[in-house]
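Next comes just one chain, in structure tokens: the form predicted alone.
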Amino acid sequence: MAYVSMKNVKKLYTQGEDDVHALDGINVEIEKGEFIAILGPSGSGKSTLLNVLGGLDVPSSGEIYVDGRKINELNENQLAEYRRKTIGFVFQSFNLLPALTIEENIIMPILMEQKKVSMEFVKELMKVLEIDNLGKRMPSQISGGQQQRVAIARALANEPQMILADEPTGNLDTEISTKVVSLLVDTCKKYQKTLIMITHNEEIAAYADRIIRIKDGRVEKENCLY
């Protein structure tokens, strides 16, 4: 079985008297270590797909397997554990805590898990992402591109198996976006993480192993870029 398998996944919302099919029978398989770019117009279901895969929402029907585990049958406590241990999230907003240093922001998820922090790994991660000289600074003292790299380091610090990124460069200019995505992809490859990224940017999507295009809650097309 593929590392991620989504079988006829549907997500139905009710708005007044209307039913909205955010996902309308999604069938997707993703291998461990792949980088998948998800493209599609606004309202096509991209973020909903990421949310149900990340355990932030539950599908109305269908099956979602991650590493052989059927996640849409997990209870709230099991879903919370799945999010903490399996998934690293990177969003368009950096969501750094302004009162903590860069290093403290990165290790915060590990401390919340009450796990021992491997500062050797954190330092290595910061070096790979080219933020190793920023550890003692505050978020307000660094650029947007640097803040997004800190957010990426934070997502990877707890050593999850899969990174879900929702428009991670949406607040950055083109030159910095390219740099940040390049570092994200290289870092995920280095540590053998599965990366699934939503983007509107075709140039960024070109870094992916495959592109999945979503329209009206359905997979419209898949391109293999090996």
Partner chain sequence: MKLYEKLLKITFFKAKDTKWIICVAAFVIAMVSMLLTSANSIKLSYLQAVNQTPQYDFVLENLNDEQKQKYENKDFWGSSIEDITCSTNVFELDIPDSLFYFSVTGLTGNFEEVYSIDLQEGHCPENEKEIVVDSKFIENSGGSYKIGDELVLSVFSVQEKVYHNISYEIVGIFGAKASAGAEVYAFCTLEGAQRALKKGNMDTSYRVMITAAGKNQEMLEKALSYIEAKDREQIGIRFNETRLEMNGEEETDGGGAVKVFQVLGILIGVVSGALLFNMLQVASGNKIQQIGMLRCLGLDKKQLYQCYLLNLVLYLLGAMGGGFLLSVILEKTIGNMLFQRFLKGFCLSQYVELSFQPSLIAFVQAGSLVAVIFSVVYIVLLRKSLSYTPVEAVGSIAEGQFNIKVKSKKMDKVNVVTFVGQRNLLRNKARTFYTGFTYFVTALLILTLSMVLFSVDLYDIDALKKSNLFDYEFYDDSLQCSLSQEMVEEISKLESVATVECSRRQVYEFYQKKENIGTYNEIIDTRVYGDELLQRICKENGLDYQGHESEPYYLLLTKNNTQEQQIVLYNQNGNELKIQINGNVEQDNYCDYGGVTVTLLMNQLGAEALFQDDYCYNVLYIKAESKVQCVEQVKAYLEENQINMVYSDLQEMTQDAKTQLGSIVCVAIYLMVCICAMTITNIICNINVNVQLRKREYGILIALGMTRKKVIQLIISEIAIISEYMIILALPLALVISLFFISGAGQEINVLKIIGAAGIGSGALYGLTYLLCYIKGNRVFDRNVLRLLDKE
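Fair warning: this is a prediction, and the values are worked out from it, not measured in the lab. Numbering follows the first chain given and starts at 1. Rigid core here is just the name for the largest C-alpha set that superposes within 1.5 Å across the two forms.
Below, we refer to the form predicted together with its partner chain, which is not included among the displayed structures.
For the chain shown alone, Glu76 is a contact residue for its partner chain in the predicted complex, at least one non-hydrogen atom being within 4.5 angstroms. Looking at Ser140, you'd find a heavy atom of it within 4.5 angstroms of its partner chain in the predicted complex. Taking the partner from the other structure, its partner chain in the predicted complex has no heavy atom within 4.5 Å of any heavy atom of Val185. At the 4.5 Å threshold, heavy atoms of Ser60 stay clear of its partner chain in the predicted complex, well away from it. Ile107 is the sole member of Ile107, Met126, Leu156, Ile71 with a non-hydrogen atom lying within 4.5 angstroms of its partner chain in the predicted complex.
Although its partner chain is omitted here, in the predicted complex all of Phe91, Leu111 and Asp166 have a heavy atom within 4.5 Å of it. Residues are counted as partner-facing when one of their heavy atoms sits within 4.5 Å of its partner chain in the predicted complex; in 77-107 these are Asn77, Ala80, Arg83, Arg84, Phe91, Ser93, Asn95, Leu96, Leu97, Pro98, Ala99, Leu100, Thr101, Glu103, Glu104, Ile107, in sequence order. Once both forms are overlaid on the rigid core, the distance between the two CA positions of Met119 between the shown form and the other one is under 2 angstroms.
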